[in-house]
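Next up: a single chain in C-alpha cells, the form predicted alone.
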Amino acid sequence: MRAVGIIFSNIHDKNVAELARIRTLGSIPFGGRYRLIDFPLSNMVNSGIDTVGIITKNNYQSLMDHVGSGKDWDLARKDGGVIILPPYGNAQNSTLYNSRLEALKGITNFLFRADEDYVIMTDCDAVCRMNYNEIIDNHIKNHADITLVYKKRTLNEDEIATELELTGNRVTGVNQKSENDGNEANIFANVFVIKRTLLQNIVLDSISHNYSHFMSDVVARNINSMRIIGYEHKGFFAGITSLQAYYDSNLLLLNRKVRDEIFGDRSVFTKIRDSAPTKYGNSAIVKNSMIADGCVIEGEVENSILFRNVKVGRGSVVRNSIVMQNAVLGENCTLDCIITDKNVTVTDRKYLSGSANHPFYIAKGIMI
C-alpha cells in the first residue's frame, strides 16, 4: 500500500451551480450512466489504491447513495476501502470549509490513522483516465516534496484556473489565469501527490498559523524552499468548469476516439443498476447518440445522450441534448441543445431550444 487517496467532492460546486444545487459536484450525472466521482475513484482503484477518503460538505445524500459501501469499485473492505468523510469544524472556525486546506484540517484523524507513504489528492471536476502509479513513480524518481499534475490546454469560456510556471519540471510560480488568449498553458489539473508525513505537518502548521488555501498558503509560500514539480497529463482531459463545459464534455463522448480512450477497456466503474434493455418502437430513429438501459424510444434522437429510463414519445425529436434519468417526453415535442435534469416531464407539442453555445437547462422534477 504505497498511497492513500483523498477525493474532494464539493470543492468546485459553484462552477456548475445549476447542477450542484441539489447534489455535490461529484454526484453530477455524466455520460449516460456515470457520476463525475466515478472517474477519479476508478483511477484510484485501477492504480491499486484501496483506501480512499471522500471529503463531503453538503448535499451529499445522493453521493452516499451512489458510492454506498464501495462494492462496485471493489472497495467494500474491513480494512480501508472507501470512507465518506463528513464536514467537521475546527478550533479556529466552526463553519464548513471553503478550501482544500480547510477541508484537510477536518480530517486529521483520517490522515494520522493512515500508514501509507504517500497521499494522492484529487477533485471531481474533470473527466479523464489517469495512471496514479506513474505519477507516484515520477514523484519518487525526482525526489519531490509535492507533485502537481497539469494539462497543456486553453481555458474554457469563463474559466478561472491555476497556471503553473515551469523551469524544466520544477514549478517556479503559480498564477490565476482567467483569459482565454487562444494559447495553451500549463493548467493545474487539481491533482496532488505528497508524502503523507509532510501533509500531516502542513495541516498541523496551517492550523497554528490559520492558513486557509493549499495553493497560495502552502505551494506559493514554499515555492523556493520545497521541491515542487509538475507532471504533464498527456491523455484526454475535460474540465467541468461551467454548465457549458459540462454540455460540451458530454457531447465529446459521441466521438468514438474520445469514447474509446475513456471507456475502451471498461475500467470506469459505477453503481450497477438492473434495468431492462432499451425498447425502440417502429417509428424510432436514432443517430450518433448514447442511449442507456431502460429507455423507450418512439421518436427521433440525434447527437444526444439519454440516461436510464428516458421515454421519448411518438413524433418527438431530441437533438444535441442531454436528457437525464427518468425524463418523460410526450408526443410531437422538440428538444434542441437542452440539458434536462432527472425526473423532468415535457408534455405534448412543446418546442424547447437553446444553442450549442448556450444550452438551456431544465431543473430536476420540472414539468413543462
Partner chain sequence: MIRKKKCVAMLLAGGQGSRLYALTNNIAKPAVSFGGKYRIIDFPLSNCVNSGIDTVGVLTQYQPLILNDYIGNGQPWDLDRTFGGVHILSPYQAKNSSDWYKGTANAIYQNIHFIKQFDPDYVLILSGDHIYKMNYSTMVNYHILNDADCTIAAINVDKKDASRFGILNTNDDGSIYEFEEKPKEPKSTLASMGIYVFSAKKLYKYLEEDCADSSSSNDFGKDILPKMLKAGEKMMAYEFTGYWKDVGTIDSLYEANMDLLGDNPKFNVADSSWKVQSRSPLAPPHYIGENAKIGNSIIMSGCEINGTIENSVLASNVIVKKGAVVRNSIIMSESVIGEDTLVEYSIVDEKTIIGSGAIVGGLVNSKRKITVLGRNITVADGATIAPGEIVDKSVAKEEK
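Numbering follows the first chain given and starts at 1. It should be emphasised that the depicted structure is a prediction, and the values quoted were computed from it without experimental measurement.
What follows is about the form predicted in complex with its partner chain, which we do not show.
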Run the contact test on 280, 284 and 289 with a 4.5 Å heavy atom cut-off to its partner chain in the predicted complex and return yes or no. yes
Under a 4.5 angstroms heavy atom criterion, identify the one residue in 293, 134, 157, 261 near its partner chain in the predicted complex. 293
Only one of 274, 181, 115, 79 has a non-hydrogen atom within 4.5 angstroms of its partner chain in the predicted complex; which is it? 274
Whether residue 217 contacts its partner chain in the predicted complex should be assessed with a 4.5 Å heavy atom distance threshold; does it? no
Flag residue 209 as yes or no: does it have a non-hydrogen atom within 4.5 angstroms of any non-hydrogen atom of its partner chain in the predicted complex? no
Even though the partner isn't displayed, in the predicted complex is residue 221 close enough to its partner chain, meaning a heavy atom within 4.5 Å? no
Would you check, heavy atoms only and a 4.5 Å threshold, whether residue 33 touches its partner chain in the predicted complex? yes
Using a 4.5 Å heavy atom cut-off, which of 115 to 123, 187 to 195, 157 to 165, 293 to 301 contacts its partner chain in the predicted complex? 293 to 301
Using a 4.5 Å cut-off on any heavy atom, which residues of 55 to 76 would contact its partner chain in the predicted complex? 71
